[in-house]
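To begin, one chain is listed below as structure tokens, in the form predicted alone.
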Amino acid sequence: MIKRLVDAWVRQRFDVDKMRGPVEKQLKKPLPHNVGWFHTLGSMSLFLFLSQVVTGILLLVYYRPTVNEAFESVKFIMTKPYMGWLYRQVHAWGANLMVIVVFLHMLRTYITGSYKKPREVTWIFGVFLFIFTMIFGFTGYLLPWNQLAYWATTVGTEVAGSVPIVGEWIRTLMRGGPSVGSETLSRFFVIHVIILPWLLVLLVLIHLFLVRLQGVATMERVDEEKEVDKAHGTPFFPTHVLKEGIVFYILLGILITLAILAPFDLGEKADPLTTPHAIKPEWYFLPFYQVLKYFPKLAGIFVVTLAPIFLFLWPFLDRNKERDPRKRPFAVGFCILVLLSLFIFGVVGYLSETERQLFGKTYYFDVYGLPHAGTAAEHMAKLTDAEVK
């Protein structure tokens, strides 16, 4: 009875039959036969974004964005409210997983040649989504106002200040003054909580619209794609939707497991007068940060800036009409080289300025990641002796 009443009420106000057509067309739209589990990475990214929004709203109930109360409010969230610690850990791990999943989604798009004509604009919006996801992580990292976050933000804004001509203006705009302080926290809070979420919502809607409008790319050559028919395609609903549902449950399980078994430590409250040893940015910025060490300041900024520029321009630089990775040796080889570079510079950056036990001996890795036998103190003593001589 209730169903009939609601149905009658809705039908008196909306043309249900006219709306049902486009919806059913999208639900029943067949996908190419090459669509598999890796094509759920886009939906996984959306799931993590929604998770970040929900957990972020829950954290905002108690969080206070001031230098005097930010750290204490996060500490309160982790100790007093019911399940507050879980929401905070899920939010922190969700940020890291979102960077990984969005990166893997772009990697899958690259490997399958889905960025090629006519989907260049879709790829460009995807690059924007990836960049804004990393900015999301950078702005959110400061909000707990702990020691590592404070000094990592100081280093990050200093790097931004090295940009020629406009660097000083960018650094002041980010910090709100000459150093990281209350204005910086307020600006990062506004960017993280208000500006970026709405920007991502807009970009996601445009990205999804383009994907549904142009369809998922097949493995056929550019300009030779044929429309997928129901007989040879994979139904979006329920086949692919079921895959995405399974992946959501697995991802949620991974997220909660990491939050429980590997929680992020809050650390100490930010102290502008005490500089910790070997401050480094978050892991997804670490390869670029390490690269900067090997070049003069301006040259390093130029080299690091090439990465996003190449991402935006790649669909127009790659003139090969093939999409099959087996027929694109240069593009695939270039991708492998980039991945190896990111991994190597990331590991070297992680090891730099630390002491490690290797094969029963102590080694100190200097700022460039080069190993030296002995401890850090012994290495510094050798450098001092060399300067005296």
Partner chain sequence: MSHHRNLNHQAAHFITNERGSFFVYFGILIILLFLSTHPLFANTDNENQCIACHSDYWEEMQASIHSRNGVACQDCHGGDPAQADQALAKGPETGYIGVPEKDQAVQRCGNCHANVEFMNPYGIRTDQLARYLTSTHGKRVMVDHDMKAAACMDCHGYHDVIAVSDPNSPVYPSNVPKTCNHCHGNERLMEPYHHPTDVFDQYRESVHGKALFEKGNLAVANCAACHGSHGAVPPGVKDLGATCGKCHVNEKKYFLESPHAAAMVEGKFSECTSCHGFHDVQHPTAALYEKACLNCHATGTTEYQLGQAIERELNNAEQAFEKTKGTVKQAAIEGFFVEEEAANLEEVKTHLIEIKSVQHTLNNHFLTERHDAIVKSTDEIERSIRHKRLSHKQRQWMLVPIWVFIVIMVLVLYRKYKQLKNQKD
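Please read all numbers here as calculations on a predicted model, not as lab measurements. Residue numbers count along the first chain shown, from 1.
The same protein also exists as the form predicted in complex with its partner chain; that form is not shown, yet it is the one meant from here on.
- With its partner chain omitted here, the record of contacts in the predicted bound form names 77-85 of 151-159, 77-85, 120-128, 90-98, defined by a heavy atom within 4.5 Å.
- Judged against its partner chain in the predicted bound form with a 4.5 angstroms heavy atom cut-off, the residues 105, 110 and 342 are out of contact without exception.
- Contact annotation for residue 37: at least one heavy atom lies within 4.5 Å of its partner chain in the predicted bound form.
- For residue 233, a non-hydrogen atom is located within 4.5 Å of its partner chain in the predicted bound form, even though that partner is not displayed.
- In the predicted bound form, at least one heavy atom of residue 261 sits within 4.5 Å of its partner chain.
- Taking the partner from the other structure, its partner chain in the predicted bound form has no heavy atom within 4.5 Å of any heavy atom of residue 198.
- Between its partner chain and the residues 164, 296, 178, 238, the one pair within 4.5 Å by heavy atoms in the predicted bound form involves 238.
- Interface residue among 173, 246, 313, 222, judged by heavy atoms within 4.5 Å of its partner chain in the predicted bound form: 246.
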